[in-house]
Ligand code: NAP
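Okay, here we've got a single chain as structure tokens, the form predicted on its own, with questions on binding and movement later.
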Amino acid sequence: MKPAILALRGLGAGVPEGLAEHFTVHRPPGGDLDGLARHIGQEVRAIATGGSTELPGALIDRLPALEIVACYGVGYEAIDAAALARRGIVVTHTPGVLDDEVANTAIALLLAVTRRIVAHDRYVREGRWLREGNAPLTHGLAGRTIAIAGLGRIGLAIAGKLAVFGCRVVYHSRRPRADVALAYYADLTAMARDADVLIAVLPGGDGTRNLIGRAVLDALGPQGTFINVGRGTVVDEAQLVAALAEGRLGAAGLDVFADEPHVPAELIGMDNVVLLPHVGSATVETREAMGRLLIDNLLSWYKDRKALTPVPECRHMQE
């Protein structure tokens, strides 16, 4: 008999079907988690979910046999992993398999903003090239200082890709890394002041909420460019909109927002902003790899109680 698993929102296409090959998958009808948990709570040892899908404490209380929560995605800010770990429940995510494509998205946004790719596309489509002549000049990347906020796996992938453009790369994180030769800034505002471009690759959660506010944006300045492929909550969005509208920040490329899928209306009409619908890892190949890793975490757990990629708060449970 297949083990019972609870599948929640935020799983990619094909993941529930992949889970069904190995598990009896329960999905809450009409979103009625509480009702479903009352009926199957004694059976369920695992949950598969998106990292931005909240897990109410009342739900966990109704699942006394729960051992593992497998998250689809590298971010898991909606899940209190530390609290679950204290209850003996391991949380996993899907790092590594999406690093390259998120880094590619960051580079694509950077090029689109600095070379005004989207604005110039409109320039051609609207017939302005014919009427007004050549479009205004843009800026290149060679010799510019690119600052990365958050030098994890994705940040390192971005830094590696930037090397071919002849950029100087610096970074900020909670502590310096001994395994990289890049210049480290303990102060995010100071780093922004010295940079031409700031790329945010920070995770969400209370620890990073509104970390990038007016001081950082003003330090980046009217010629500066801000790129965000981390989480929208790390930026004070109202301050970002104001900085762009008032010319205190030069341009932005955004793949993430504070209240997705809602995007501030002011950003829509700005020619110096490129907007994406949170597609940093959204390739067929990457999403398939994320689904496989989620399922492999569960299979490994059921086989020998060893998760392949536990989140940091749960790594001690593997020792």
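Quick note: we count residues from 1 along the sequence shown, nothing fancier. None of these values were measured; they are calculated from a predicted model.
The following text describes the form predicted together with the named molecule, which does not appear among the structures shown.
Engineer: Does G224 reach the named molecule in the predicted complex if we count a contact as any heavy atom within 4.5 Å?
Structural biologist: No - in the predicted complex, heavy atoms of G224 and the named molecule never come within 4.5 Å of each other.
Engineer: With heavy atoms only and a cut-off of 4.5 Å, decide whether L98 touches the named molecule in the predicted complex.
Structural biologist: Within the cut-off, so yes.
Engineer: Could you tell me if G253 has a non-hydrogen atom within 4.5 Å of the named molecule in the predicted complex?
Structural biologist: Residue-level check for G253: no, no contact with the named molecule.
Engineer: Under a 4.5 Å heavy atom criterion, is G207 part of the interface with the named molecule in the predicted complex?
Structural biologist: Close contact exists here: in the predicted complex, G207 approaches the named molecule to within 4.5 Å, heavy atoms only.
Engineer: Counting any heavy atom within 4.5 Å as contact, can you tell me which stretch out of 189-197, 115-123, 230-238, 135-143 lines the named molecule in the predicted complex?
Structural biologist: Going by heavy atoms within 4.5 Å, the stretch is 230-238.
Engineer: From the list L202, I79, V90, L162, which entry has a heavy atom within 4.5 Å of the named molecule in the predicted complex?
Structural biologist: That would be L202.
Engineer: Name the residue from H278, R62, H26, R45 that puts a heavy atom within 4.5 Å of the named molecule in the predicted complex.
Structural biologist: Spelling it out, the residue with a heavy atom inside the cut-off is H278.
Engineer: Using a 4.5 Å heavy atom cutoff, which residues in 124-161 contact the named molecule in the predicted complex? It's fine if the answer is none.
Structural biologist: The stretch 124-161, when checked against the named molecule in the predicted complex, contributes G150, L151, G152, R153, I154, G155 at the 4.5 Å heavy-atom cut-off.
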